[in-house]
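Listed next as structure tokens: two forms of one protein chain, kept apart as structure 1 and structure 2.
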Structure 1
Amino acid sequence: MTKDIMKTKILLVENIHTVAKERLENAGYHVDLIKESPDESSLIKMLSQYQMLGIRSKTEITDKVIKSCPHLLAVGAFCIGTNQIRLQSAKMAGIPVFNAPHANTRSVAELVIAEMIALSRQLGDRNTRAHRGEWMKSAEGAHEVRGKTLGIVGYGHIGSQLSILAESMGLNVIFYDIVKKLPLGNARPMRSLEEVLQEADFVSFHVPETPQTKDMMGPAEFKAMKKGSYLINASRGTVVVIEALVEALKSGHLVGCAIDVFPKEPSSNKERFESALQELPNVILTPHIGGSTEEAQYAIGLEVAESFCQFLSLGSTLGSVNFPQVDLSKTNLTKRILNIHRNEPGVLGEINGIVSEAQANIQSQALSTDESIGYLIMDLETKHAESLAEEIQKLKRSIKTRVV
């Protein structure tokens, strides 16, 4: 149980942006930042001194790490993905995992804007040829983007941000989303993907990877696109059938594309990248860098550090990827007990029994559950919160209890 803010020690590995350390130190926590990604056994050794851990994509949080470190209060993935963490095991050990899924939204939207102009002016090819000593001065096939129509597929965080940026450059925006979305600015919602494909000069994908979005752009969809249009994909590599795209480019139906994500991507910068799109004219290929900017790294550092602060000081699990979400403001007049328990019948009755026996008045209580755990926040008017929390923790089904 954590009583004293100064006792909370946080370990940040993998060279997480220093803004995270600054934010957490300003809140009064002790933070150690290291560059390396420790292997399983060194991580377990190191963690004996820490209650909180921040990682990026390389450090693996295995079942063994979780089992060996039951004292961990939370883990932060200072990145987008959380595949490197055993989320279910962490949950059952009472460890919420936080990440920053949307901190790089703007970076992706800006890349797409740059790509629309680059494709319209054949910048990639002209640049390569100028480097080779070839002088390709010609207006043929080069266009302004002003007045053209951008079709956005997936009007979520990135799609809607792109919509605003594109309109401010004079593009007309249409979009398709499976969920009803509020159109921003003058953007027009379309009833189907086909309607977008038929009307747009640029089609840009911003959907997640789901069974529905797999191979969403195949031969029939490319045929439905306007002749002379462009495709942009900075979402997921599974969305576009590359062979169908190559066919559409070779036939001249499409006059260019910009692709940042691929069905098969090299696992490191050392591995060679192969694609059937290589060497085709007006094709921009980038190595999954849509969200890779220093600003995004800064935003990720700040966002996860903020989640840590809210979790440590209030118990808020808002934005956690593996935990029931609870977020409750608190006054200084009450003590807050946080309890994580296995979600089985009768647990709440047992907890309330302990509180009522101690004659502590419950000022507010919030419970959020999923199929396996319950997360309870209780604000009490009592001087004995610590001993009550100890009693609650002794219950057979309690996983973790602390007072803030």
Structure 2
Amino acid sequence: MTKDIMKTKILLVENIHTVAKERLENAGYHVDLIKESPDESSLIKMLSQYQMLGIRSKTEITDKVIKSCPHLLAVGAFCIGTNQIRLQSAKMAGIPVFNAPHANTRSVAELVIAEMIALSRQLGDRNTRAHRGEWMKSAEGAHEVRGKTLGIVGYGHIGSQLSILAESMGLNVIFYDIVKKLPLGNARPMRSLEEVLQEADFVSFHVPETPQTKDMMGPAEFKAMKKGSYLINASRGTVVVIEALVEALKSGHLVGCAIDVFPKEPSSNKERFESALQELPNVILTPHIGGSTEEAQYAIGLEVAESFCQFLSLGSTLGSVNFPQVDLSKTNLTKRILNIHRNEPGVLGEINGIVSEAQANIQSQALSTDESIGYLIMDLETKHAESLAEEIQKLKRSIKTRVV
């Protein structure tokens, strides 16, 4: 265990699966795990003691947090979404952000399948009435999903996985995505969202939170939906205008919906949840649990923890959502200097000048850039890597420099 590893402390918040703590501790890092989601001031105070941070969807990494923690090396979002993190600000501070885009795919897809069947059979209402002692035995309004059409909006990892499961159950699948995607099985791509809404019996959303997806399901879109259809949203709460959904349900144009995400959600399990959708018939409301299975959280914990280990030990940024992508192996015969700098002409020459003056031999060098920053990896044959890194960091366009 090197001295640098022993110094590295990692904070995991929001009750991240313990497998992440175990993986990181086995790699030699000090890890503290807490259950709560700290507010801005609490988080800033905590981070004075840590170099790495792992969060889930509740904890916000604001500009103030980033500015107050220049020592922070990286942030891990132990989930898919990264909207809670100011990605550009983090990048300009030399902080790569990692997430887990694949790990909960199956869990979300299975939830949607379960919700389609539950809505078709009115299981939520019949279950509630049975608990109240009411016997609601009737075939009226109950249907099989076989032969129906599922419209998927967003054909990424989750949408395509859902497509496979739905088709295996006998549903016809259509989808719409702003990026051209290869259809799986017999799924058919549609030219517009409106085409999906007009044809589908079930419409399920699997899109990120962007300006383009905000309020994408409003009054006009609900009117375009097939009468007697269902809506499922397990993506982002800002996608659906709840008031318009309520009106579509009350008018009978939609006969049910399942919503897992909301525009405003409780900050903890202790806070009361309120929604205009409560008490409406054939409406399934779940507390943002699409990826909340033990299997998914275990896989997420391993995926992001592994990204942390690769970044800390090698400098790899493969999988980062806001950083140039670099994935390299390392030999034991060299020292590696990692430098993040503003992407401006002449920086590489200045750095190589410092190395040349120190008469250090560069065994290999890699540079990856985007429009804002450059990420330089140098493997050197030298005993003075730490002092060289200090000199490189003094350059006015250097953001962050370290040795691994």
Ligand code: NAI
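Residue indices: 1-based, along structure 1. Every value quoted in this text rests on a predicted model; they were computed, and no experiment measured them.
*Asks:* Only one of the two shown forms is the form predicted alone, so please name it by number.
*Replies:* Structure 2, not 1.
*Asks:* Out of 102, 328, 336, 170, which one is the hinge of the rigid-part motion between the two structures?
*Replies:* Where the rigid parts turn against each other between the two structures, we find 102.
*Asks:* What is the rotation of the smaller rigid part with respect to the larger, given in whole degrees, between the two structures?
*Replies:* Rigid-body rotation of the smaller part between the two structures: 24 degrees.
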